[in-house]
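In structure tokens, one chain follows: the form predicted alone.
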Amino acid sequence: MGVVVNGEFMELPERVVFVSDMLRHFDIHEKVVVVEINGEVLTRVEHQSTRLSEKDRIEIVHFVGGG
């Protein structure tokens, strides 16, 4: 499936169906992230139930500590 993630077009494998699958695919599922799909911010609970669709525009923001 072709989607735009953080401004970059990419093809996701067929096994990536839900937002939670995508986060595992990118190996960021353990981190605190904010996910927005087509302008709508999702809650963490919605990651498990929100299906991805062809041409979705996805923004993923994760927080990095430092000092």
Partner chain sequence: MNHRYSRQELFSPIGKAGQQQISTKHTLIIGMGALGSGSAEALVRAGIGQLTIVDRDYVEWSNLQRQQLYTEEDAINRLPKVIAAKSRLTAINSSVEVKAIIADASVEELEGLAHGVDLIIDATDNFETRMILNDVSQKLGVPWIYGACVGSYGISYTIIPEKTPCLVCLLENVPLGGLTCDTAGIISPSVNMVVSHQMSEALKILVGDFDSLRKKLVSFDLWKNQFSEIQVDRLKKSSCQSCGTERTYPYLSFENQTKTAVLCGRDSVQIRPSVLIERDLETLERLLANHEGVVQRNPYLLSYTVSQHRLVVFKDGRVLVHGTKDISEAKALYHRYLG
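Keep in mind it's a predicted model, so treat the numbers as computed, not measured. Numbering follows the first chain given and starts at 1.
As for the form predicted together with its partner chain, it is not shown, yet the points below apply to it.
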Please run the contact check for Arg51 against its partner chain in the model of the complex: heavy atoms, 4.5 angstroms, yes or no? no
Is there a heavy atom of Glu59 no more than 4.5 Å from a heavy atom of its partner chain in the model of the complex? yes
Report whether the minimum heavy atom distance between Glu46 and its partner chain in the model of the complex is within 4.5 Å. yes
Is there a heavy atom of Asp27 no more than 4.5 Å from a heavy atom of its partner chain in the model of the complex? no
Any residue of 1-17 that, in the model of the complex, places a heavy atom within 4.5 Å of its partner chain: Asn6, Glu8
